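One chain comes next, on its own, written as structure tokens: the form predicted on its own.
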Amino acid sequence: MKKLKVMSVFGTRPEAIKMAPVVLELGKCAAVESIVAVTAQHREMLDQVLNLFDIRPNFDLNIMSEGQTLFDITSRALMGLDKVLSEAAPDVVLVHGDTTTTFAGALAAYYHQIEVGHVEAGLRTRNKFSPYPEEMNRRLTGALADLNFAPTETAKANLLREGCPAEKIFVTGNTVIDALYQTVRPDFKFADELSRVDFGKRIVLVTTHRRENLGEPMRQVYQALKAVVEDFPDVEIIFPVHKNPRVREVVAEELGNLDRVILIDPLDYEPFANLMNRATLILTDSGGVQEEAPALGKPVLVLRDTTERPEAVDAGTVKLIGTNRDVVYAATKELLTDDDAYRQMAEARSPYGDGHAAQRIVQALLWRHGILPERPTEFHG
């Protein structure tokens, strides 16, 4: 019997983390020929995840260049994938989430008249510039997708409101929870970069990178963190600082050389996931961390005014606080001083998955192509 040829396309670390469980599950399926194509939109950070999950791409476009713009990424990915799709001729192209590679991959597949499956489909803020360019990347990809693997019922509802037929939507849970459960270990040993950390103190983990937060919004956040560490001697802040020079400049000005503020380079996924597991609470503008940390019972303060992940807000596992200095300080102080407020967030049930999302995605593909006789059971968070 002819195998179903499924090509997974991704280009950044977050995509790779969330696609890795799907790639591994496809590789175990005798009815599937699994093909992996990476754009390497972010080279070094992508390679970390490929090595962790032992994934060897069949095609590597290696498009990353110094000072690259959205125009560069889009055009290079699109032209590179044109050649890849011509050579591999897959039956289905899987893309993930909301990166520029996601949109370019879906568009390239459409130009080749190949079926598009969108993993983590249906996330929306309905503000085209927040987050930028992610909101339009995922909406444009949604317009091209033939199969929509929605992580939650909320994401499914977004797609239905936009006119997507129900039969093209599968609620699977989020594959990031699959990856997380495969990575976090209670006996994990951290490398030298975290040797200065006193894990006997309360750990506040911080990440910032969003384009819309560059400049004064980030400065306000960092001033709030400085006040937190000054007022709470039993707190250490661990901050893997994004490599964007505009981020690093402000971090150095506001947080450089402070006691109990440990500034390090961005971590590989494995130590970062295990560091989340050891943290007391997390401040972030990352989308993925909003999903991962609640699955570990960690309260998350989101340094954004909007989120495409309202399920966690509704569940009480995350709180949107924006970037105003006084608000960030007050929200952090509350979780450090109010045991009831902390417990309510830490013990709230994560709505994002049970570790079996990749299995559901593969089953949905097999059903769609007549290999499985019945539509698979969906995730109910």
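As the structure is a computational prediction, the values presented were derived from the model and not from experiment. The numbering used is simple: start at 1 and walk along the sequence shown.
As for the form predicted together with a small molecule, it is not shown, yet the points below apply to it.
Among heavy atoms of His356, none comes within 4.5 Å of the small molecule in the predicted complex. At least one heavy atom of Arg43 is located within 4.5 Å of the small molecule in the predicted complex. The small molecule is not drawn, but in the predicted complex it has no heavy atom within 4.5 Å of Thr141. In the predicted complex, the small molecule lies farther than 4.5 Å from every heavy atom of Gln182. Residues with any non-hydrogen atom within 4.5 angstroms of the small molecule in the predicted complex fall in just one of 132-140, 182-190, 220-228, 149-157: 132-140. A single residue from the set His242, Arg278, Lys298, Arg260 has any heavy atom within 4.5 angstroms of the small molecule in the predicted complex; that residue is His242. The partner is absent here, but in the predicted complex a heavy atom of Met64, alone among Val32, Met64, Ala346, Leu335, sits within 4.5 Å of the small molecule.
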